[in-house]
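Quick setup: one chain, the form predicted on its own, written in structure tokens, and binding and motion questions come after.
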Amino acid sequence: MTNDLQERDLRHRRVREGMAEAGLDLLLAFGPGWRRENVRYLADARVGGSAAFVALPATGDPVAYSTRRQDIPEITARGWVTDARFLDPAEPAGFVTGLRDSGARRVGIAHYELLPSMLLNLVREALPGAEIVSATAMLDNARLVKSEWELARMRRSAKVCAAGWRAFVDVLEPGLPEYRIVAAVEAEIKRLGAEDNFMLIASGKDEVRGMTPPSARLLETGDMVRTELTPQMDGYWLQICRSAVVGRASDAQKRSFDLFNEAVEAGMAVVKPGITAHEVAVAQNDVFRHHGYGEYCTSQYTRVRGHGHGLHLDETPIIEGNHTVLPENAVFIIHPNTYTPIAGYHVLGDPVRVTADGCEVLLETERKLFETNEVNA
């Protein structure tokens, strides 16, 4: 099994290969407060500052910077980046000098598009003659293929997804407010070590057209309760999408499940190395089109037919028109979540790993329409 430092070396080698192809002699992996995955990819550290960087030169050791002093020991303790420095926006001389010492002439910035102009101006001040370009796509590509080390972490996330879903189903009963469902799930997955969780929910019948944060709405008999549950373990996010019925499912709810399950299976059936996100989306949407529900695959009713997973929960979108190639060991969820008039918004999907000859479903949770009468029997 790969140890931590072997994984670090693998990543640095992979990123430097991309830098060589792009003609970069310095990569700045930028992490704003809400998108820290690139910093974590290179430092394996959970940072909390409003801005952080890892500066990876074409040769030599990386240097990390963070606007939060507490991040410095957090970064160095992991051992992936041993030189970590405080970035004081009011006194940025150390940051400027550090970049100037690199002597870089062509700099790629991952998440360049999110970089505040104040920080970009500091990079320009440090390296006035350097060409500065976006390296966002380059680092996205490096992160697309998961190593065995990463897959081991994502499999732990899969077990927490399954446990969270069991907690979800176990509490469903008439009169329960939505926020109590989320509280039960949060308690279970945090007990199991989840760092974070992204969760949407909706309850009701065929009037439901999407999901939201939990409300005070009280469950009723016959409601279908839908969720996207996405815990983060050791940095890695994984998602489960399921729907359950309070009581017994109606014929319409069962027909809706059959439609969505057929779409999930159609998406899985086409997965193989080299398939594109577009082709996986088409396979799912063709099921809806075949049954006369093609209009509900449009942006009027839905967003994506799945998305990549990893150090960010919502990586490459599985959507028609996205021709990103999905190589072996890419991980993404197939979820044709959308509204139809059959039974309202329906949620169903599983994360998969691209294997040499198809895909591996990472979840152990049965893919069915759960009914509380059955669960509590």
Partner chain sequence: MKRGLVVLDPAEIPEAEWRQRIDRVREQLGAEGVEVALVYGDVYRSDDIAYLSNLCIYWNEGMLAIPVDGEPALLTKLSPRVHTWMRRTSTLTDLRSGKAFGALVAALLDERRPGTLGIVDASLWPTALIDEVGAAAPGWVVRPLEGLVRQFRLQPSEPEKSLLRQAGAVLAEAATAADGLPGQEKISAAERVVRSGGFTDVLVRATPTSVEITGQYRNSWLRVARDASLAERLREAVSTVGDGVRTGAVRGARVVHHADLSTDGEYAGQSGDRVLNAGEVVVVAVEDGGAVAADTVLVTNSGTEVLTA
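Quantities reported herein were computed from a predicted structural model and do not represent experimental measurements. Positions refer to the first chain, counted from 1.
If you look for the form predicted in complex with the partner chain, you will not find it shown, but the lines that follow are about it.
A residue is said to contact a partner when one of its heavy atoms sits within 4.5 Å of a partner heavy atom; T59 fails this definition for the partner chain in the model of the complex, lying far away. By the criterion of a heavy atom within 4.5 Å, P327 is excluded from the residues contacting the partner chain in the model of the complex. Put simply, T221 is far from the partner chain in the model of the complex: not one heavy atom of it is within 4.5 Å. Of the heavy atoms in P214, some are within 4.5 Å of the partner chain in the model of the complex. Only one segment in the set 136 to 144, 118 to 126, 156 to 164, 283 to 291 has residues whose heavy atoms sit within 4.5 Å of the partner chain in the model of the complex; it is 118 to 126. Only one of R303, K205, R78, R85 lies close to the partner chain in the model of the complex, with a heavy atom inside 4.5 Å, and it is R303. Interface residue among V63, I342, A51, L348, judged by heavy atoms within 4.5 Å of the partner chain in the model of the complex: A51. Although the partner chain is omitted here, in the model of the complex all of Q70, Y179 and G193 have a heavy atom within 4.5 Å of it. With contact defined as any non-hydrogen atom lying within 4.5 angstroms of the partner chain in the model of the complex, the contacting residues in 173 to 187 are Y179, R180, V182, A183, A184, E186, A187, given in sequence order.
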